[in-house]
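The chain that follows stands alone, in the form predicted on its own, written as structure tokens.
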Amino acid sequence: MNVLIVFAHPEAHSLNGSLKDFSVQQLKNAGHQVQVSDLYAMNWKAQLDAADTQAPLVGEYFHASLDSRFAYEHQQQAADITAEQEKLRWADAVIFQFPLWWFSMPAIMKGWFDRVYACGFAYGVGEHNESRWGERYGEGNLAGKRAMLVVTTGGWESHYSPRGINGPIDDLLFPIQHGMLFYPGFSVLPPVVLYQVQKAADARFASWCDTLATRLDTLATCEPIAFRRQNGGDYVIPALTLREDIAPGQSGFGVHQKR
């Protein structure tokens, strides 16, 4: 497989840096081809703005969707955006690794999504009509590829349990896994989440590597999260609400996953 690792941590000598290096070696030892986008090392520009297009603005002022679509369709995007899109085309699987900072990914990685996911590439794809609402949530340009999160957090696992003070980890990661990965077509694998990483890291590093190795070794075969496909018949179009006969009386993130 061709595997892309998108990595966001400012310190190469951190636990995250060591885990990333372990993943690269583990994948290569298994015969996979690996590329790494180390966002801090690349000095990745996080903000989406008019500098991301080499073309004149479509209108009088910068419009994120219109200008990114024009630049994408006319091969006039900033070079770093195009390079990351080419990596995504090359990859069979993409691993996004980051520490959980303030209940989300670091800003630099969010900026990677903002800029690389250009209109026409990751969204704004397909026709909208009474039976389909574009190619998204299980369809799109990244369909057929796999994605997985590797997340570290200082909190205890119980803090992120269904009744934990921080909220269930599946709920916290839902906007990323469902909204940023499943939306453009990725098959999303269950995440690897490592807890209490600031406690006895040296003593626990080997066990964390064992956990990660098991998931990396099954990257091609692990069963994806069973998110419901938008155009698969479960949703009323164009309202895009779940049919009333599916999970009746229920709401929340969980209803968008088949149980």
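The model shown is predicted, which means the values in this text are computed figures rather than measured ones. Throughout, we count residues from 1 along the sequence that is shown.
There is another form of the same protein, the form predicted in complex with a further copy of the same chain; it is not shown, and what comes next is about it.
Novice: Do residue 171 and a further copy of the same chain share at least one heavy atom pair within 4.5 Å in the predicted bound form?
Specialist: Close contact exists here: in the predicted bound form, residue 171 approaches a further copy of the same chain to within 4.5 Å, heavy atoms only.
Novice: Taking a further copy of the same chain as it sits in the predicted bound form, is residue 49 in contact with it (heavy atom to heavy atom, 4.5 Å or less)?
Specialist: Although a further copy of the same chain is absent here, residue 49 would touch it in the predicted bound form, with heavy atoms inside 4.5 Å.
Novice: Even though a further copy of the same chain is not shown here, does residue 146 get within 4.5 Å of it in the predicted bound form, heavy atoms only?
Specialist: Residue-level check for residue 146: no, no contact with a further copy of the same chain.
Novice: Would you classify residue 85 as touching a further copy of the same chain in the predicted bound form, given a 4.5 Å non-hydrogen atom cut-off?
Specialist: Flag for residue 85 set to no.
Novice: Does each of 132, 190 and 258 have at least one heavy atom within 4.5 Å of a further copy of the same chain in the predicted bound form?
Specialist: No: no residue has a heavy atom within 4.5 Å of the partner.
Novice: For the chain shown here without its partner, which stretch in 212-220, 199-207, 24-32, 40-48 has non-hydrogen atoms within 4.5 angstroms of a further copy of the same chain in the predicted bound form?
Specialist: Flagged stretch: 40-48.
Novice: Going by heavy atoms, what in 228-249 lies within 4.5 angstroms of a further copy of the same chain in the predicted bound form?
Specialist: In sequence order, 230, 235, 238, 239, 240, 241, 242, 243, 244, 246, 247, 248, 249 come within 4.5 Å of the partner.
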